[in-house]
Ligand code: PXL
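We begin with a single chain expressed as structure tokens, specifically the form predicted alone.
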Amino acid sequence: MRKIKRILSIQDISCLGKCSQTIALPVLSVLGAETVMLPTALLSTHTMFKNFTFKDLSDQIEPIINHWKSENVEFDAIYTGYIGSIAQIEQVKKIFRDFKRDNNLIFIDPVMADNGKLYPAFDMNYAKANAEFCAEADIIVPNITEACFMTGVEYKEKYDVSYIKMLLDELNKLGAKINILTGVSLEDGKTGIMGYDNNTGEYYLYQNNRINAVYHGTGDLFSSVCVGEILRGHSWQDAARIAADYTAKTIEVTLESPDKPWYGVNFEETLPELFKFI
């Protein structure tokens, strides 16, 4: 019988909105991981809603970590998503130092920007802090916008493979072992990922059909599936491919929904099919 892996998911809880922890917990559980949550903030909804409430939980992080240390808790992977401030980034760096082992995985999704713009709560100081943060990781999965802000490369909406390789080369300098760029579209009607492995010096490109829809939380879905599949023993390349295909399928199913949800994807419908994407 396979030993159940334990993963620590560090990101916010948006009570309504299908993102962050409310995606990570069910997805990682379906993929067979014991998922331990460390919430960085509590929101009534995600930030695409108006008038949402927000409670910073920075003051709870150290007591929670100290309790886990007293119980000799260990993790097979630590996965970070949305982190609300530079101060919290520093707290998470300490968590890495406290819980890092030779054979566990640090997986960072540096959530802070999209479509050429930083999210409203963030500035260039936060982007710089994220660049330094990514040096702590085994694997990072920024989108193109986030990669540009962290490396200083000019953001382009139209690009070719040489631009993506150059962006990956700049990401490599940050220090992560494996860099995976998401939202890479190298031909009409296609999108996917391109990654680079510092251990082997090899690039990996995967493209699937582009779906004409944008939903909040799809990056969280991709990252959760990717890290979960790696823990199940897949290579990072296969994990990224599975995550890309599953995310695309979930967007397709959401588009067909009679409810026409606008605030997130209906991953609840596709979770039973996740293993078909292997």
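Given the structure is predicted, the values throughout are model-derived calculations rather than measurements. Numbers follow the displayed sequence, beginning with 1.
From this point on, the text means the form predicted in complex with the named molecule, which you will not see here.
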So if I measure heavy atom distances to the named molecule in the model of the complex, which of the stretches 43-51, 243-251, 66-74, 227-235 falls within 4.5 Å?
43-51
Of V111, L171, I144, I180, which one comes within 4.5 Å of the named molecule in the model of the complex, counting heavy atoms only?
V111
From F133, Y82, F149, F107: within 4.5 Å of the named molecule in the model of the complex by heavy atoms is Y82
With the partner left out of view, is C19 within 4.5 angstroms of the named molecule in the model of the complex by any non-hydrogen atom?
yes
Should G217 be classed as touching the named molecule in the model of the complex when contacts are defined as heavy atoms within 4.5 Å?
yes
Does Y119 make contact with the named molecule in the model of the complex, using a 4.5 Å heavy atom cut-off?
yes
At the 4.5 Å heavy atom threshold, is S9 in contact with the named molecule in the model of the complex?
no
